[in-house]
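First, one chain by itself in structure tokens, the form predicted on its own.
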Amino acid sequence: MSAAHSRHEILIVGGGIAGLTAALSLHRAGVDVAVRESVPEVKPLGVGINLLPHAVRELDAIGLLDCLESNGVAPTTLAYFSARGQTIWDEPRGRAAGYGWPQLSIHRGTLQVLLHEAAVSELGPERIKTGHHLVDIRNIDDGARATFEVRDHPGTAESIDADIVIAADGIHSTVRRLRHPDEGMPIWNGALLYRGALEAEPILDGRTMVWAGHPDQKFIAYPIRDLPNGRQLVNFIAEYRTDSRELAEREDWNRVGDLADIAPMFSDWVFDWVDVPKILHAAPSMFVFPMVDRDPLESWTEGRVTLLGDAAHPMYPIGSNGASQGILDARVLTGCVLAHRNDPDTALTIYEAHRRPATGAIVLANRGLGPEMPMKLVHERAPGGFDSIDDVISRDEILEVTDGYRRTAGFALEALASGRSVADADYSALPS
């Protein structure tokens, strides 16, 4: 097998949202960085995601805000409803809540392509390569070495040495599996998410994210693009929990969902503000995903190799935190590398000290239902509906949960008041 060999200051394994954000952030800070991605071609796949204000602040810091705003929607309200369509509570979001940055809802594939195109344009195609599948990674005297199979050229490999190798290769991370071979499949909580996007009339004011139901069955919808005809591209999730707790094969992760499996469960979810059966039947397609995460690790770093994004802390898609936390990882990593340019070991130690405990707390908070806990309480206390929500749950009880989650996830309003990017924080020493 023929092999090419090169060296960079930092190598990123994985060209997803977190990996590409890290590449752009590090490059703009003057760091020599390269990215290798396994898939042969980056395509606008997936469904909608939300970026919270603290993540949008970081993307703004690397010059991407205008592009993202023109390709997504900035919701101003998050509204929660019971399984009978009755309002539980609502709250302002993004700039409407006083943040200096919006919350952004955008198609995941659109965001992926925008980041990839920006990285290729700024770093050059020789540094951002697809079709490179990691087959081996090891520490060497002055860094780490990653070896890739070049899929477009069978029998060809590429070996790259770097001061630091960052594994941003997702929930099925090859690097994490090599480091933790006994970890096994991700942990499934029994919930299945049927996800899709369709062109539709705006729901409510067209700037509201809606969550209806309870942890065992819920419907979520929000716009991810305004269309010229006055309609919107609307992302939806129809979710229900089963009794099963075992995943069979990796293919369970991204398969086409069957309408017949999910539509009967929502047949009577017709409310004056949304017709759920109509949305499900009108969707051109949908995918089904299990709701999974992994236990927090006791360490992300081994030698000069560390984890970032979903490879480090896969979490339930509750509270719009998955992609946002990966973006924060990327920016904190940048700050640590710049603070310790000549001492990669210290840079990685401080990066992990800041990010591993913070993200581990979010993983566990999401297992505890995160901001969805009031929905559970309402369903338990008033399954047949209510005349007044105040008879079921108090505003203070709701705020205790939702404000606590915002603090855990790092986007409490006071935490963003200074407008300072996390990349500019003081990383001279371990956090106290």
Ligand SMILES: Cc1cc2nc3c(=O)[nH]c(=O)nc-3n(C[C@H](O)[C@H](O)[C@H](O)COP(=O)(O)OP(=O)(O)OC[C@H]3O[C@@H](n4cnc5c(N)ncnc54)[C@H](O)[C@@H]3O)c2cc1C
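In case it trips you up, residue 1 is the first one in the sequence shown, and so on. Quantities reported herein were computed from a predicted structural model and do not represent experimental measurements.
The same protein also exists as the form predicted together with the ligand; that form is not shown, yet it is the one meant from here on.
Engineer: Which single stretch, out of 350 to 358, 303 to 311, 93 to 101, 264 to 272, brings residue heavy atoms within 4.5 Å of the ligand in the model of the complex?
Structural biologist: In short, 303 to 311.
Engineer: I'd like to check something about residue 53: if you look in the model of the complex, is any of its heavy atoms closer than or equal to 4.5 Å to a heavy atom of the ligand?
Structural biologist: No, residue 53 stays farther than 4.5 Å from the ligand in the model of the complex.
Engineer: Just checking whether residue 108 would be counted as a contact of the ligand in the model of the complex - the rule being heavy atoms within 4.5 angstroms.
Structural biologist: Yes, residue 108 is a contact residue.
Engineer: Is residue 364 one of the residues lying within 4.5 Å of the ligand in the model of the complex, judged by heavy atom distances?
Structural biologist: Judged by the heavy-atom cut-off of 4.5 Å, residue 364 is well away from the ligand in the model of the complex.
Engineer: Does the ligand come within 4.5 Å of any heavy atom of residue 36 in the model of the complex?
Structural biologist: So residue 36 counts as contacting the ligand.
Engineer: Can you work out which of 170, 296, 206, 186 has a heavy atom no more than 4.5 Å from the ligand in the model of the complex?
Structural biologist: Of the candidates 170, 296, 206, 186, 170 is the one lying within 4.5 Å of the ligand in the model of the complex.
Engineer: Give me the residue from 116, 132, 218, 331 that has a heavy atom within 4.5 Å of the ligand in the model of the complex.
Structural biologist: Of 116, 132, 218, 331, the residue with a heavy atom within 4.5 Å of the ligand in the model of the complex is 132.
Engineer: In the model of the complex, do 15, 49 and 323 all reach within 4.5 Å of the ligand through at least one heavy atom apiece?
Structural biologist: Yes, each of 15, 49 and 323 comes within 4.5 Å of the ligand in the model of the complex.
Engineer: Output the sequence-ordered list of residues from 174 to 188 with at least one heavy atom within 4.5 Å of the ligand in the model of the complex.
Structural biologist: Counting only heavy atoms within 4.5 Å of the ligand in the model of the complex, the single contacting residue of 174 to 188 is 174.
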